[in-house]
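Read the single chain below, which is given as structure tokens and is the form predicted alone.
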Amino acid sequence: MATQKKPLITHIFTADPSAHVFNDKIYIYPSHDIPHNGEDNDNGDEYLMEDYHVFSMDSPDSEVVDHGEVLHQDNVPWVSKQMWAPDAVYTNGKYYLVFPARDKDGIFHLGIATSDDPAGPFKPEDNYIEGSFSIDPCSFKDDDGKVYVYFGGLWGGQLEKYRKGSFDETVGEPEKDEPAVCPKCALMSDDMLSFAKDPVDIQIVDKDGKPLLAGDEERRYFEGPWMHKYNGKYYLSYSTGTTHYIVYATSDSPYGPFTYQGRILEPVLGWTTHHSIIEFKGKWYLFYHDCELSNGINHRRNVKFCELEYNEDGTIKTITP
């Protein structure tokens, strides 16, 4: 089974690692936890991240290079606070950082920043993507060159507040016997600055084709979507939030529906769990975070990674941290 690694980055607290292979190197785009003494709550007010660093590794066994601060909230005109989990994608000869943050009214949207270098620095657009909302963008480039952004997070991420079509502070999660809130997916425009089509629901179903229910907290979607392909199939993985699993579902289409398959990662130390999956030189790796460095303080997390293995039938072997 895959061997657990020690914290990759120890000089600052990092979380939500989006890993990619660019130019034969591994690049990691995490969020940056800033220590403070405030209280934790279900709205995520303890997560005060305000900037991004980019990290790289020549190989899984090499030292990690910190390329420094590549974007700060003070340089993004529309942002008020909380630049949470980002992702990056290479297309059109440029690197695009896709990130969530609260606007001046406290509403989460997704922004875009660009660079000619995967290590940044990144220059932000003046405004967020029109029609975007919630958090945790995963920017997935398919084999045909199209880029899709998967996103959404419950509670502090505000996803459930769009159940009626637009932001409504009074709207909560569905009843436990109703279908769960779906993650969203939007096809990006060719210039990566807007949605080419309106976001759509990504349905996650059981083996009988029935949508997972809101009360099925061991399997239903909560936050942190990641998309990768293996042997031609689409693998949507995500956090179950309240039960602290990383699980996955598969489909023959980037739009789903996705059939639930099982767990990738058992619970880690700390409340949140957030991950990414990459292939590097024939091996697969899971990047994730826990709270080892802080002895369990939820907003002082650290990035880790380990090898990820598939069974012959394409299912993923469960990892116990």
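Bear in mind the structure is a predicted one, so any value in this text is a computation, not a measurement. From 1 onward, residues are counted along the sequence shown.
FYI, the form predicted in complex with a small molecule isn't displayed, but the following is about it.
>> To verify the annotation, which of these, I277, M49, V54, C291, has a non-hydrogen atom within 4.5 Å of the small molecule in the model of the complex?
In response: That would be M49.
> Any of the heavy atoms of L97 lying within 4.5 Å of the small molecule in the model of the complex?
Replying inline: It does not: once the small molecule is placed as it appears in the model of the complex, L97 has no heavy atom within 4.5 Å of it.
> Counting only non-hydrogen atoms and a 4.5 angstroms cut-off, does D136 reach the small molecule in the model of the complex?
Replying inline: Output for D136 is yes: heavy atoms within 4.5 Å of the small molecule.
> W84: heavy atom within 4.5 Å of the small molecule in the model of the complex?
Replying inline: Taking the distances in the model of the complex, the answer for W84 is yes, it comes within 4.5 Å of the small molecule.
> Just one stretch in 59-67, 267-275, 248-256, 280-288 has heavy atoms within 4.5 Å of the small molecule in the model of the complex, so which one is it?
Replying inline: Partner-contacting stretch among the options: 267-275.
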